[in-house]
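In the form predicted alone, a lone chain appears below as structure tokens.
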Amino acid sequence: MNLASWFAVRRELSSKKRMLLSVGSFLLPLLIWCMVSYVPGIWHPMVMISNPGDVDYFQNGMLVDRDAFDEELKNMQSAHKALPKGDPANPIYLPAPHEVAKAFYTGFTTPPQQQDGQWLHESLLHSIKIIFWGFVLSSLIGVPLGILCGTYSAISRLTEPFVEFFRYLPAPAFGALAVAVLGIYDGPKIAIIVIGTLFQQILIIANTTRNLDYALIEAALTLGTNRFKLLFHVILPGILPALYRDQRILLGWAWTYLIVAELIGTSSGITWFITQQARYQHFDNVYAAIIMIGLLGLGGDLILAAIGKRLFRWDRPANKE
């Protein structure tokens, strides 16, 4: 194997190498997780009791700290009583991969154990609805305003200083105000996603618009186009591939704000599912739900990337992904 071909500076990798590295980026964390879960000598700070012996508070299946187990083992040895037995184990908040895989399956096939619980798919669908409306509302304002800021210096100077200030304000800080204005249901959650993405959206799209080759604009003005046609026949088509990529990135930001948004007066959604499962120490379900969020986000982005390749066949960056 020629290592130099793998680490060539700014040289495009072959499709086979890209695929291998992409698969490896997932297999490497999974391998570490498996090692921590299944190889006793790596971590395993707990002991799962298989036989309590004469220790009165030990029970079968109980997790105890290794130090506490060793101390009770010495006490029973010195007292010549039945010794406790146990197997190395990890804390309850770190389930093994097979336990999470099982929870991933049962989350869609087994009814919730709690009376007020939700199915995993119900929680996910509700959260997707929150993401959709929050991002759509943000885009309806952010995309046009960003294009105008990137095109006209006067609008940029009037808008961007305040946007630069406001984007440093943490969106969750507006949670109480959003509840007071919009109630305790989905309105505040959507508002937090809008606040978290809108101001970043304006700045990013304005910068994308400014990066358009100015020769195209000069040529259009020389040919006598008006401002309306300049926007819709020159600037918008010129930035469309980059604008599409910006929206894909910003959609990922909307997913990061979802958990924070759903903490506001929530009784539904994926955050409610995670909170309920953590409350009852069903951490395998917690991990399954978190992984599902990642799969939905990554899957959606891959679908959007594939659509982008078809929509913008002339765009080189879109077709390198």
Partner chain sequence: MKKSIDLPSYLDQSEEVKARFERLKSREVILEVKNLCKDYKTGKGSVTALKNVNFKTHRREFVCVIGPSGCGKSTLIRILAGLESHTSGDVLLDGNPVTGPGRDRGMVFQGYTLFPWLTVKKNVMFGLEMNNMSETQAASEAALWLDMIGLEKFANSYPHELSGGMKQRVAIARALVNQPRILLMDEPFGALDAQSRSKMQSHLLEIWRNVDITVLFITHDLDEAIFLADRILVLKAHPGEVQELIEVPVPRPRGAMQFNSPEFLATKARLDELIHPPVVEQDVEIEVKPHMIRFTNVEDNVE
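Numbering follows the first chain given and starts at 1. On a predicted model such as this, the values are computed, not experimentally measured, just so you know.
The discussion below concerns the form predicted in complex with the partner chain, not included here.
- Taken together, His44, Met62 and Arg279 are entirely out of contact with the partner chain in the predicted bound form: none brings a heavy atom within 4.5 Å.
- Heavy atoms within 4.5 Å of the partner chain in the predicted bound form map, among the stretches 169-177, 218-226, 154-162, 90-98, onto 218-226 alone.
- Contact check for Gly238: a heavy atom falls within 4.5 Å of the partner chain in the predicted bound form.
- Although the partner is absent here, Val234 sits close enough that one of its heavy atoms falls within 4.5 Å of the partner chain in the predicted bound form.
- Contact check for Arg313: a non-hydrogen atom falls within 4.5 Å of the partner chain in the predicted bound form.
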